[in-house]
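Next up: a single chain in structure tokens, the form predicted alone.
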Amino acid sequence: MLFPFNSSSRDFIRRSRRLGSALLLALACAGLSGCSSWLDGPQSIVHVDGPVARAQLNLFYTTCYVTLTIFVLVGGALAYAMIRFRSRSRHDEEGKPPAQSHGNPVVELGLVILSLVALVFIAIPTIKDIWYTYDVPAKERATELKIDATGSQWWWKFEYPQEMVKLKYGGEAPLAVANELVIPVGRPVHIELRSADVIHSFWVPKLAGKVDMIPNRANHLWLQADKPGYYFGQCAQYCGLSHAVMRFRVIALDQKEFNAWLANQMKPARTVTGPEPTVAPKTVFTSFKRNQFGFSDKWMATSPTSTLDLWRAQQHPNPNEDPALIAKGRKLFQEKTCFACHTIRGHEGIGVTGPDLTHVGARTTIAGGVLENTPDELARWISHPDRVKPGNVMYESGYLANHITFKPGEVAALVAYLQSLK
């Protein structure tokens, strides 16, 4: 022995055990106190609303139950041995150890069999759920909705290949939206996953688990929403400077409402006519503070309080919109060469580098799901995209490369125009 095992040593061990027990109890209490907010969050993995997420949750519970059983059996055996065979006096400490069972075939064979049983309990549902969550079940493929999702630094493009729209300069292309994926309730959705640059990961916790989007490699997943809702998603794979603010939403609607939304999206951009203003419009937004992360002071806007009702309200034009200001904004959209990266079907633009803006005013979020789609937040994004989302292409390859700047009132006109695109 390295030191004499005396009464002082035993006292030290007892105090250490008590301290360790107190620390474990404190950690358990802290975990339980913060558990409710995690379980009820907008990206909860235990409050799910779809068959794919539910299958994955059941598998998670199965694994937890099996491992908990193992923990209780092993921990119970260890506790029994510590209590039953502990030294009760100095004489016991110097005596012979209790009888050993090492090499006992019954014990060792029993442990092997129990391990195999535990493995079977986990392996069978795992294999079953892997097959189930891999793709839409064969019996439901006749009604599936197909969507192509492409991840870019740092926004999402969702295309509906079954819905083709006519382009202003001829030809057709799949209907495309950005950062807000709208799906029908109760209908399986097959999503082809692609990346335009680096590795991304598609994740909507309440509807389906994570699947990576790898450059030059095809991947896919499927999901389905059980009820109408507004679901939060994000990139779950580190993909660059603004990875933490690469988010999106999934809006699930009943079939009738989905059809109405789809019919509106198929239309070209809404046109508001009016004379150009005779005076410069007022400035909507001037400056903002930056937090300790370097982002906007509202970089986490669109909180979990956002609901489906708010999304529905966003679909209607503003009754107080200014046609003259909107006309000015449309002209500025051309003058600032925004059409080189963006497309507004029926108006201007053939760009594919940035999101399709044909119905951008009807979305609840902008800047890759980071900011609420309000006039002030849209002005914030147009004025300082580098501060809201550092390293984004819009600023580095657009503003800097083309020397784009704004005079007083120009941002307000652009905001009015984009907000009118419902």
Ligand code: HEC
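All of these numbers come straight from a predicted model, not from anything done at the bench. Note that residue numbering follows the sequence shown and begins at 1.
Quick note: we don't show the form predicted together with this ligand, though the next part is all about it.
Residue in contact with this ligand in the predicted complex (any heavy atom within 4.5 Å), chosen from Ser195, Gln224, Thr343, Asn179: Asn179. A heavy atom within 4.5 Å of this ligand in the predicted complex is found for one listed residue only; from Thr337, Gln237, Gln265, Gln315, this is Thr337. Put simply, Val393 is close to this ligand in the predicted complex: some heavy atom of it is within 4.5 Å. Not displayed here, this ligand is approached by Gln153 to within 4.5 Å at the level of heavy atoms in the predicted complex. Under a 4.5 angstroms non-hydrogen atom cutoff, this ligand in the predicted complex lacks Ala413 among its neighbouring residues. Shown alone here, Ala367 lies within 4.5 Å of this ligand in the predicted complex, counting heavy atoms only.
Checking 136 to 144, 348 to 356, 79 to 87, 208 to 216 against this ligand in the predicted complex, the stretch whose residues place heavy atoms within 4.5 Å of it is 348 to 356.
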